[in-house]
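To begin, one chain is listed below as structure tokens, in the form predicted alone.
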Amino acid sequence: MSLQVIEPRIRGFISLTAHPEGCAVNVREQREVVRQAGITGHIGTALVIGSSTGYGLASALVSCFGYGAETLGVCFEKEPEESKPGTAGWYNLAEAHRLAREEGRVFETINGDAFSTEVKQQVVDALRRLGPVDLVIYSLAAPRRRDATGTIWNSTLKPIGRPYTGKAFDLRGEAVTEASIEAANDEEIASTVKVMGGEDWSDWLELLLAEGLLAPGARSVAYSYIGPELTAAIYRDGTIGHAKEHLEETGHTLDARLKAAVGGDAWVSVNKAVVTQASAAIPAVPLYLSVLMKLMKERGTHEGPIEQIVRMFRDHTGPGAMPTLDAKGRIRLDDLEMQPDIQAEIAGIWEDLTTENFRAQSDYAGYQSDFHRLFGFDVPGVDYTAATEVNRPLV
């Protein structure tokens, strides 16, 4: 055993530590949301690519604890080393494994680079044992990708066409600022699409088809985001948004492919903005999210990843459900975020936000708490003065 007192070491949008017990409590709370959701139906086998945090973790938990699926996750997390703690994603999955084992459920994880041929082969080998997949969730978020040829591609957060200048938020100084970002060149745009577009999702499904590992009627869902006009220049109209458009276009191709091959379906789900380490790095997003959270909590419509994914399975993609799609064929879990009255109110608040008034005009305290909870901190009921076991295995 290796017991340690773990203290938060958070610098802006980067956390250098994770609290094992705090992460475990977070997972137990999400399992309880699944239990209380009144889920019915059964999924045989689920593969979740990007299963350790956020929407991917929620998808794995709903699959396993809601629909009884034999769940195989793929992630890239740092495991504990002797007395050195692992990452939050590692501890999330360690607890999910423990809970599954306690309930007699199947929850397995392959820890490695999901872009790599080696990890894809490990998944194929595992599925030959578990059985063909009924559901494939693609929730991969990574800053870079090494493709099958060995070429390394890096994603870039930049506007396209012209430089961006606009309101931003300095998480370190907790101040409303202005950010300026130069426009991306063609190489940066193409590289971002290689990392965050639909090519790897397609590679996964084509591999599973070739290996005979997609069950009849298999469904696949990949996650995307659009966001408001306030962030469009830096996000949806920028390099990341360009990659998301490629992901969504790929979804149409894959839907036709699965229908023809196994009578299945492939969709893209546009999800609501939530607090993540990646979104914290986008200049305007922490400020936008803080205002959004305040307004949605006031209306009783605020959802975290687990609530959204429960809704996605129940209303759109779970057993017996057929999705409601927008004009471009997408599931819209961001429907509550994008309500016109909410977006109009945010726009009215936005121009007047300053360092002096942003706390009163937003739920920044809630944003901070959610951000700290990503890493197992600020979780009610956890004694952070007590030593906790850091060597928690994925078994």
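It should be emphasised that the depicted structure is a prediction, and the values quoted were computed from it without experimental measurement. Sequential numbering from 1, following the sequence displayed.
Keep in mind that the form predicted in complex with a small molecule is missing from the display, and what follows is about it.
Undergrad: Among I43, S220 and T317, does every residue place a heavy atom within 4.5 Å of the small molecule in the model of the complex?
TA: Contact check failed for every one of I43, S220 and T317.
Undergrad: With the small molecule left out of view, choose which of I306, A94, I234, M196 has a non-hydrogen atom within 4.5 angstroms of it in the model of the complex.
TA: By the 4.5 Å heavy-atom cutoff, the listed residue in contact is M196.
Undergrad: Exactly one of L258, L140, A100, I181 has a non-hydrogen atom within 4.5 Å of the small molecule in the model of the complex; which residue is it?
TA: None of the others qualify; the residue that does is L140.
Undergrad: Though only this chain appears here, would F65 touch the small molecule in the model of the complex if you measure heavy atom gaps against 4.5 Å?
TA: No, F65 sits far enough from the small molecule in the model of the complex that none of its heavy atoms falls within 4.5 Å.
Undergrad: Heavy atoms within 4.5 Å of the small molecule in the model of the complex: does T156 have any?
TA: No - in the model of the complex, heavy atoms of T156 and the small molecule never come within 4.5 Å of each other.
Undergrad: May I ask you to check whether E245 falls inside a 4.5 Å heavy atom distance of the small molecule in the model of the complex?
TA: Taking the distances in the model of the complex, the answer for E245 is no, it never comes within 4.5 Å of the small molecule.
Undergrad: Is there a non-hydrogen atom of L295 within 4.5 angstroms of a non-hydrogen atom of the small molecule in the model of the complex?
TA: Because no heavy atom of L295 falls inside 4.5 Å of the small molecule in the model of the complex, the answer is no.
Undergrad: Just one of 208 to 216, 156 to 164, 269 to 277, 170 to 178 has heavy atoms within 4.5 Å of the small molecule in the model of the complex; which?
TA: Residues of 269 to 277 come within 4.5 Å of the partner.
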